[in-house]
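Given as structure tokens, the chain that follows is alone and in the form predicted on its own.
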Amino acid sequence: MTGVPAPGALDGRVAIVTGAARGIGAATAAHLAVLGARVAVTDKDGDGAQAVAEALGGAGHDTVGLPCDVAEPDAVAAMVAAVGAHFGGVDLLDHNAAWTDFRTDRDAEEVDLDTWDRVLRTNATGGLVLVREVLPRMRARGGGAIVLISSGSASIGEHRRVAYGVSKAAIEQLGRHVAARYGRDGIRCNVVAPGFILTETAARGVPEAGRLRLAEQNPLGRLGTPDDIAHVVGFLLSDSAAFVNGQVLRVDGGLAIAPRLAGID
């Protein structure tokens, strides 16, 4: 199968999407459902996950909403077991859930160590535990596909958010490890690294003037949307990407490779 995946491309496959109560995760859950997947919508905000699942179910898709704090290994194990019991197995994983605190995740001298620990536990360790839980279930089904969501912060030198950047760099290395170690089991793993995506949270946190500047700096002249990421994830989880493994795909409109320098244009 080649080309862009069409509705039905994921028929019958069971997908877990974390961090799916809103934003990129919710858009991805919806897109995978359109492609035919049976989708477990999971989030620390269990009510939000349930609302997304119910909306998709009302549109005729096979979904379930489950609470899951990925910072808690027991909660991850329970959620994956519940998905397996409900749908009969797990074929696909899209891991979006992440956390940081912009007030306390600062530079190396000032970062709060409790924040550092929580960011790494949520973003990096949470990703590892999720992968550990789904691997045997995918192997039992003859293979599967995983997408881990990183960030442009993993590959640049930010002045702040040291914990977040380190955690996302760890996610990228986790993706390469899984791809190299488990490819012979029929399990592919890739990483998507979004740029600035205009989610509800971003819209609240960045003033309009700042969003306009970010759009102007982007080679495409606009900000990314959750659907921009969702469609890439759908491709990577589908058979259209059957020979794509161990890659980190920057989905940022080209910003990372074309920075605009002040005074030079």
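Residue indices: 1-based, along the sequence shown. Source: prediction; values computed, not measured.
A second form of this protein, the form predicted in complex with a small molecule, is not displayed here; the remarks below concern that form.
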Please determine whether A21 contacts the small molecule in the predicted bound form, using a 4.5 Å cut-off between heavy atoms.
yes
Would R38 sit within 4.5 Å of the small molecule in the predicted bound form, counting heavy atoms only?
no
Closest heavy atom of C68 to the small molecule in the predicted bound form, within 4.5 Å or not?
yes
Contact with the small molecule in the predicted bound form for V83, defined as at least one heavy atom pair within 4.5 Å: yes or no?
no
Region of this chain that lies against the small molecule in the predicted bound form, out of 83-91, 109-117, 173-181, 145-153 [heavy atom, 4.5 Å]:
145-153
